[in-house]
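Given next, in structure tokens, is a single chain: the form predicted alone.
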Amino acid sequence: MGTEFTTQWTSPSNIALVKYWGKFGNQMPENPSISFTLKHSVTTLSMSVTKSSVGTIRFLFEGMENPKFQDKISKFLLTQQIRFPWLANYHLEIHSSNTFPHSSGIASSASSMSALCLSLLSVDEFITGKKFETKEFFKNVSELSRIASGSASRSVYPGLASWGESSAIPSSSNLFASQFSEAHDVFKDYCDSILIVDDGEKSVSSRAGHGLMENHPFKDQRFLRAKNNLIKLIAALKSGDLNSFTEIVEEEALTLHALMMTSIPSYILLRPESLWLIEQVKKFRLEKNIPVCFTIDAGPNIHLLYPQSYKATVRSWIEAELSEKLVGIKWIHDEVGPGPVSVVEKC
């Protein structure tokens, strides 16, 4: 029997401003987080389903079979068989590709797992005949994505997305993320230039890093600090306060890596080039009086965040000066994006 249905989604990575680090229960965050959804750093994933006597999966990443990724997806789908009983009677053919290096600290699990869950819900609608209203569809996708990869819950929404309970956001939830739409106009088209100093797979996965927070000596202080930082950042986002934004975002980035370095066992994901770039960003900001700041995910690569109005100046500095001083550096120029896009669906 031939393919019954094919769906394809492109879903973005995101860059957290207040970091989620530490979880409990079934992928619940120990502290709330908020992120920019990116525009160009995306995963495109297609899923074709065919009737079968048993549930099977074939996964290809950028045209090649990838047993490690396939195993991860298979384990996740096993946890969802009650929710999607039809998985037992369909073969899934999944093809995925990224516009950026995977597993290097640019939230590839956020884009890939949200793309997977978007496709899964679309297939579910086709097989069951039950259609969700748009808002409910994305809420369900966000909840499912959370189970697959916590940060993936935020990639479901455009612009700014928050996840985790917070007094600063009355509608916030640990179960799913939601769009934060009250930001000042300056943040609605913010730029993010990702400076890639190492595009190899990181030595310690984010999943392992979250696990080390369970017995971290500073975990209670961290969770409280993150909750307070989110409250302060929400105020800065609403008012357009770039100085406060910079201060909080950079503190969050450095705290994340300080937690890694003080866990038991400790580990370091930053490279000498990462530290050099941090110093260069601070120097450039001071000398040029340009509100550019850095943040870092769980990897060595540096995200430069800055308003759209400074795009030409900052990108010229990266491409002319930084590339000359740091041979071999690569970059991805990105910006705040519109969220996931359904590319094609056909029977």
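Since the model is a prediction, treat every value here as computed from it, not as a measurement. Numbers for residues come from their place in the sequence shown, where the first is 1.
A second form of this protein, the form predicted in complex with a small molecule, is not displayed here; the remarks below concern that form.
Colleague: Among S193, S166, S206, S96, which has at least one heavy atom within 4.5 Å of the small molecule in the predicted complex?
Modeller: The option sitting close enough to the partner is S206.
Colleague: Scan S149, S274, N229, S263 and let me know which has any heavy atom within 4.5 Å of the small molecule in the predicted complex.
Modeller: So the residue touching the small molecule in the predicted complex, by this definition, is S149.
Colleague: When the small molecule is placed as it is in the predicted complex, which of 318 to 326, 47 to 55, 276 to 284, 297 to 305 ends up with heavy atoms within 4.5 Å of it?
Modeller: Of the options, only 297 to 305 has residues within 4.5 Å of the partner.
Colleague: Within 4.5 Å, heavy atoms only: does H210 come near the small molecule in the predicted complex?
Modeller: Yes - in the predicted complex, heavy atoms of H210 and the small molecule come within 4.5 Å of each other.
Colleague: Is L160 a contact residue for the small molecule in the predicted complex, using a 4.5 Å heavy atom cut-off?
Modeller: Although the small molecule is absent here, L160 would stay clear of it in the predicted complex, with no heavy atoms inside 4.5 Å.
Colleague: Any of the heavy atoms of W9 lying within 4.5 Å of the small molecule in the predicted complex?
Modeller: Contact check for W9: no, nothing within 4.5 Å of the small molecule in the predicted complex.
Colleague: Taking heavy atoms only, is I248 within 4.5 angstroms of the small molecule in the predicted complex?
Modeller: I248: no, not in contact with the small molecule in the predicted complex.
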